[in-house]
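Okay, so we've got the same protein chain twice, two forms, each given alone as C-alpha cells, structure 1 and structure 2.
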Structure 1
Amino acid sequence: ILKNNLGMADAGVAETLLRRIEKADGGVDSLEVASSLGVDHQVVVGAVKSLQALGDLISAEQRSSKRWELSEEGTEIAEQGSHEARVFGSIPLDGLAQSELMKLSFGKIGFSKAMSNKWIRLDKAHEGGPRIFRTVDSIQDQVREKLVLVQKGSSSQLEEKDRNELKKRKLLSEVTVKSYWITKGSSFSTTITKQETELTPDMIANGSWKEKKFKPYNFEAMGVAPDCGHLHPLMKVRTQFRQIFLEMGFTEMPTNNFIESSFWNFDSLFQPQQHPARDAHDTFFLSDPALAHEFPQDYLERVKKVHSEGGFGSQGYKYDWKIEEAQKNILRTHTTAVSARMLYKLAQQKFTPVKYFSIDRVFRNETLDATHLAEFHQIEGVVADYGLTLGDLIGILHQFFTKLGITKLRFKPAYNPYTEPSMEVFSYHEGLQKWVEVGNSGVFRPEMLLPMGLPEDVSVIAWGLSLERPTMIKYGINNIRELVGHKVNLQMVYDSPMCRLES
C-alpha cells in the first residue's frame, strides 16, 4: 500500500525510516539516516514530506546547523596534496629551473607558499637562469591533513585560526545545513493504510466510511485560478481616464473613424497646406480611396478664404489654397479632427456650453524607438463656453491632473497652428526627480472657430496628452514596444495589476 502512495524509491526509504524511528530512543536525525543509507539527504527529506502527508505518522522538527565543507579546490588538495607540497615534490635533488616550475598548474601559488615555509630556495645567480632547490629533506603537508579531517567530519578538531586560514585560501566554506529531527507521531505505525481522498456514494451506502481513514483537507492551498479575459494595461488606464472625464461632466465624442480627410484633420484647424506636419514623412496617406468628396460647401469656402485672404481680424496665410490638397484621405494624426467636426456640428444649432472628451488611436509616420510608435492613443478634452480664458484652462488642468494624482504642475508657452495662446504642461516626476512633459493645451484660434459659425464671444479651451506615457510611468515600463505592438509579451497582460490613480 505504501508503494502506491509514495512511489517505489521513496517507499523503500520511508519504510526504512519508520523502522529506524521505531527502534530509536527518542528520535532520528535525517542527515544521519541519509549518510547511513548512502543516499542523498534530499531523498530522506522527500520521504519525510510524503509520510507527513499521510497524517500523524511521524512528527518532524526542522533544525539548522552550521558545518564546514571543502570547496572544489579543497577537495582536490585533500586528494592530491597542497600546492606547496606538490611544488616540493616536483623538485629533484639537483634543482629545477624556475621557468619549468611556472609551467605547472600549481607552480605559481605553490612556489610562494613553499618559499614562505622555507622548504625551497631560489638561486637567481645560477648559470642556466634562476633555479629552485630544496632546503629540507622532507616536509609535513599540514594543509592536506587539516582538510582530510574536515572531509571526515572532524572539523571540530581544528583550531579556529586554522579554519579561518583555510577559509581565507577558499579551501573551506561554512554552510548552513537544514535537517529534520524525526520522532513518532500520535498515530505512529510501521504499516501504512491508504488514506481516502474522496467520500463516495458507495461508502455512504454500505457504511464502509466508518472504518476508512480520510486524508485531511488543506484549506491553505490555493484554488485553481479561473480562466477569464484579461485587460491590457492600456485599457485599464484608459478606463480610469474615462472615469475622470465622466466625473467632471464631460461627454465622449464618437471617434470611430480612423480615416479622415486632410480638410478636417488640418484645414479646418487653420493649419496651412504647406505645413511640414502634412508631408508624407509625418503622415500616412491612403491610396484607395485617395480622395474625399463630401464637405459642407459654404464652410469649405469660409475655410479657404481665411487661409488665403484672412478674415475675422486675421490676415491669413496669403497662399493659393487648393481643394485637391484638402481632399486627400489620411489616417488621422490627432483626435482634434473629431473635435473640429463636433464643434462645427455645435455651431449649426443654438449654442449651448459643452464639455467633450475622447480617448482613441491616432497615427503618425514616426521612426520606431523606445518611446515612439507609428500609432498611439491620444486623450483630448475640449470645453466651449462664453468668455473662457487661459485662467479657466489652467484651473481645469489642475483639477484634471489632481484626479490623476499629479499635483505639481508647470506651464510653458508653446506654439500650435490652431491654438493661441498655447501651453505645454509639465509635471514633477518624483521617481525621475525632474519635470517631464505630460501634455499640450491652448485656446482655439478665432480663425478656426468663427468660420464654423460659432458666436464671436465663445471661447474653446482644449488639452491633450498621450495614453501610453502615463501607462508606462504607472506600470514601470521603459520601452513602449513592450506595451504595444507585435512584440508584446502576453504574460505581461495576464500579470498586470489593477490600475488605481491615487488622487
Structure 2
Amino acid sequence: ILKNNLGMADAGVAETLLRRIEKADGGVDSLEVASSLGVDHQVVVGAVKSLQALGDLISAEQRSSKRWELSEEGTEIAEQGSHEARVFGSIPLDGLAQSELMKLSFGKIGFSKAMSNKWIRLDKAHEGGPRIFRTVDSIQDQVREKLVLVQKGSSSQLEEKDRNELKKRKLLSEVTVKSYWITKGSSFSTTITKQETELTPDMIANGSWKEKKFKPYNFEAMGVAPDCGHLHPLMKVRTQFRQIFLEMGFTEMPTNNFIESSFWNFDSLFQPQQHPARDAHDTFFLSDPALAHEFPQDYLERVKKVHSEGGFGSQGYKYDWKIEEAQKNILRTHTTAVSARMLYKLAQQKFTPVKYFSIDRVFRNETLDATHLAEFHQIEGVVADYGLTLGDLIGILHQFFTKLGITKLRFKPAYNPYTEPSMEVFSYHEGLQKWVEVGNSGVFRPEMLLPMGLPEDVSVIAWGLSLERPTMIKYGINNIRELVGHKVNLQMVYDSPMCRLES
C-alpha cells in the first residue's frame, strides 16, 4: 500500500527525512537534506508531498533562497581545472611552441591568464618561432578550488570579491531556489503508517480500522452512475397525467385502436364530410384495409339524417351524406373517435354518469416541423352527466390544470364542429409574460349525442391537449424530434429527471 503512496525508492528518502527532522532543532531545509543525501532536490520535494498527504506528520513551509551555481564553463573548470592551469600543465619542461599551444581549445584564454599569474614566459626570439616555458615548478589552481567549493554547495566560504569575479568570468551565476523548511507536524512520527483507501471486511472483523489511517475522499469528483435502465421522459409525463385523471375519478378508455373508420372519427362527431380535416392533406387514409364494413345500422341512419336533413332540434348541414365517405378507414386523427364509441355504448345501456379519460397516439398527415410530427399523443377528458353546465366545464378545467401547477386560466370562445360552446384554454406563462394556449375544450353538440341515443338532459363536457407540448416545456426541449422517435439521444433519456407536475 505504501508503494501506492510513495515510490519504492522514495520511501527510504521519506523515512530518512523524518529521522533528520526528529534530530534537528527547529527543522531542516529540503535543499540541505538533498545535498547531504546526495540526491536530487526533486526527490526530497516528492517525499515532502507524500508525507503531507498522510496527515499532520510534518509541516512544510515553502521558502525561497538564492544560491550560486556553476555555469557550463564553470562545471568544466571544476572538473578539468582552469584554462590557465591547463595551459601550465600542457607545457613540457623544454617548452612548447606558441603556435602549438594556440591549437588547444583552452590555449588562447589560458595563455594570457597564466602569463599574468607569471606561471609561464614567452621567448619570442627562440629559434624556430616563439616558444613558451614554465617559470615556476608548481602552481595552485585557485579558480578550480573556488568553483569546487561552489559545486559542493559551500559558496558561502568564498569572499564576495571572488564570487563577483567568477560571475564576471561567467563561471558562476546566482539562481533562486525554492525549498521547504520542514518541521514536525502535530502528529509527528518517524514511522510511516500505511494509508488505507477503503474500509474492508477484515478491518471490521479484527477492529484494525481503529488504528488505520484512511486516505481522504475527493468530494469534488462525481460518483459512479448507477447501472440501471431509464424510462422515457414522455412516458414519465404520461404516467403523471394518468395519475391526475385517476385521482379525479376518471376511468381510462380503451384507445388501443389506431385504425378507425371515418364514421367514428368524423361522422359520428357531426363533422361534415366536406370538412377540411377530412382532406388527404390532413388525414392518413388506408389502402388496405380501405373500408370499414360493420356499423350499427340504425345509428348510422340517424347520423346520416342529422347531417343531411337535421333533426334533434338541428337544421343539419343539408348536404348529400354518403356512406362511402364514412366507410373510409383512416389512422384516427383524435382519440375523440374512441370517446364517440364509448358514449354510443353508454347510450345502449341504461344511462349512468361517467368520467372517462385517455392518453394515446393520434395521427395527422401534416407538414412536419420542429413542433409537429405525423403522430402525437392526445390527452382527453370526458364527463357525461345530467345537467352539466359550461360553469362545470370551467370548474373542472381549473381543477385539472391546478394539478399540473397551472392556476391562472382564461377561456376564449372558439369553433369546433362537435362542441358548442367551444373554449380554448389559455394559461398565463410567467416566463414568457403572456397568455399561451394550453388546451381545447367544449360541450359536445346535441347533434352528436342525441343520435347515439343519450337522454336529452344529459350533457357531455370534454377537453383535450397534447402530451408532447407540456413535456417539451417541462424538459426544455425545442425540437420534438429530440423527444420522440429513433433519433433521440439516449443520453437525454438517461439524464432526464423524474416528472413532478407541480408549480
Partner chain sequence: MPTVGVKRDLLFKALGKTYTDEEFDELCFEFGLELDEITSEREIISREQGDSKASGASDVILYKIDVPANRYDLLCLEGLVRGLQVFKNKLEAPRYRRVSPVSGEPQKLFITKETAAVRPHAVAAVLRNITFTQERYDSFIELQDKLHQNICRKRSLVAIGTHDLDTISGPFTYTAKPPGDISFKPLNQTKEYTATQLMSLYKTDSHLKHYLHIIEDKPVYPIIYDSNGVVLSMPPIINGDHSKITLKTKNVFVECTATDLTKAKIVLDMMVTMFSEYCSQPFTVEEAEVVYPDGKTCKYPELAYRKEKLSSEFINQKVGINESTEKIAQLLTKMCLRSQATGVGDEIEVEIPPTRSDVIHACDIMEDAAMAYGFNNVPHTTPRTYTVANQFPLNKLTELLRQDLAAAGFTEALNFALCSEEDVADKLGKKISETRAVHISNPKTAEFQVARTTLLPGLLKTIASNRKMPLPLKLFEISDVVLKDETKDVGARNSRRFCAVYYNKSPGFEVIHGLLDRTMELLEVKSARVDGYHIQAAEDSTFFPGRCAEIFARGKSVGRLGVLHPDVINRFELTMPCSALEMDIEPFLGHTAETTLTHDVPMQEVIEHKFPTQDESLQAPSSRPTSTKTAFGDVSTAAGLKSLNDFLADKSYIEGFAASQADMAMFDAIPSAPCSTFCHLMRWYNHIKSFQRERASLPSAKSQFVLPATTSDASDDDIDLFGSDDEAESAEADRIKEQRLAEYAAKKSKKPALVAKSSILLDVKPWDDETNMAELEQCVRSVSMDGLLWGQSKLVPVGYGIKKLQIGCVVEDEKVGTDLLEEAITAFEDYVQSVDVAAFNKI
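Rigid core (definition): largest C-alpha set, two forms, superposition within 1.5 Å. All residue numbers here follow the sequence of structure 1, with the first residue given the number 1. In this text the structure is predicted, and so the values were computed from the model without any measurement.
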Worksheet entry | Chain form predicted alone, by structure number | 1
Worksheet item: Any chance the CA of T402 moves 2 angstroms or more between the two structures, core superposed?
Response: no
Worksheet item: Is the C-alpha displacement of G110 equal to or greater than 2 Å between the two structures once the rigid core has been superposed?
Response: yes
Worksheet item: Comparing between the two structures on the rigid core, is the C-alpha shift at L346 2 Å or larger?
Response: no
Worksheet item: With both forms put on the same core, how far apart in Å are the CA positions of V224 between the two structures?
Response: 5.1
Worksheet entry | between the two structures, C-alpha offset at A205 (rigid core aligned, Å) | 14.7
